[in-house]
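In the form predicted alone, a lone chain appears below as structure tokens.
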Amino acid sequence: MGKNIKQIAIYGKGGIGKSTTSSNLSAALARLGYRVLQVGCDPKSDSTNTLRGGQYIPTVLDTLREKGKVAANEIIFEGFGGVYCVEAGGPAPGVGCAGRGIITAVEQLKRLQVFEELKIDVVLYDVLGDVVCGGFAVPIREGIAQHVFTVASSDFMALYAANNLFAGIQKYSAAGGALLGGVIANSISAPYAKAIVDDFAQKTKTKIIEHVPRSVTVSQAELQGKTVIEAAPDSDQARVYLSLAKKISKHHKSTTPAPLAIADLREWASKWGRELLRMESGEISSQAAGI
């Protein structure tokens, strides 16, 4: 793989907006002039459908099961803005490891010399981040991705998943694994939500790359099977995704995060819970709480 190709992995728990963020980031990078390949690594195989008008594409694993061998034109499909789309896929229901698709997809893309043939500038892996084990850890463990970003909100389970991811990055960092670029704070619709994710980033020695607000524009675009970049290119939300794309395109130095011990994470979350309860009851103002 060419040395100048930027390889990034976007992790996040299911339902956090990881694929929405990934597809809009790919579309924004393409709009900035980069040649982008997005690899969907979630067994649901829905990472790239808003780049292709809502259409699902054949997965690498399904094609291999059907034909035994794959050609580039059987697994790579062009989407909005010229973004190349690949879906790794998952195992047959009830059989095998869901992370196997990532390993297989990477092997096939390397075999076919896709990155060189298509002159790719940025490879974006969209990876399920609920469990950082087995195949899901491959982009980190084997240094396939150079930089990891996690999508998180102020929801505890999203931060719990991010903290687990940080532990995985920390574990593999000494062996040449991918490092953390930062946190993409998603669905930030209230000052307290921003304060919580900002505090989490500070506590784990990382940084917020972008605050992405909750917006009905995203829902409107996805109902059309499109990214915001395609459906509403002049919207405020599109400008946020373009800002994120510019920051990630210029990002070169990732670091090892400092995950919290589970007991410390739980205590930190409890303190925030108590602060929000005091605000809701009127006992303290948001200014007094530092929000």
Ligand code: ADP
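None of the values given here were measured: they were computed from a predicted structure. One-based numbering along the sequence shown.
Not pictured, yet referred to below: the form predicted in complex with this ligand.
- Using a 4.5 angstroms threshold between heavy atoms, residue 218 counts as touching this ligand in the model of the complex.
- This ligand is not drawn, but in the model of the complex it has no heavy atom within 4.5 Å of residue 182.
- Among heavy atoms of residue 187, some come within 4.5 Å of this ligand in the model of the complex.
- By the criterion of a heavy atom within 4.5 Å, residue 213 is counted among the residues contacting this ligand in the model of the complex.
- The partner is not drawn, yet in the model of the complex one stretch among 59 to 67, 31 to 39, 234 to 242, 254 to 262 has residues with heavy atoms inside 4.5 Å of this ligand: 234 to 242.
- In the model of the complex, the residues of 5 to 31 lying within 4.5 Å of this ligand by at least one heavy atom are, in order, 13, 14, 15, 16, 17, 18, 19, 20.
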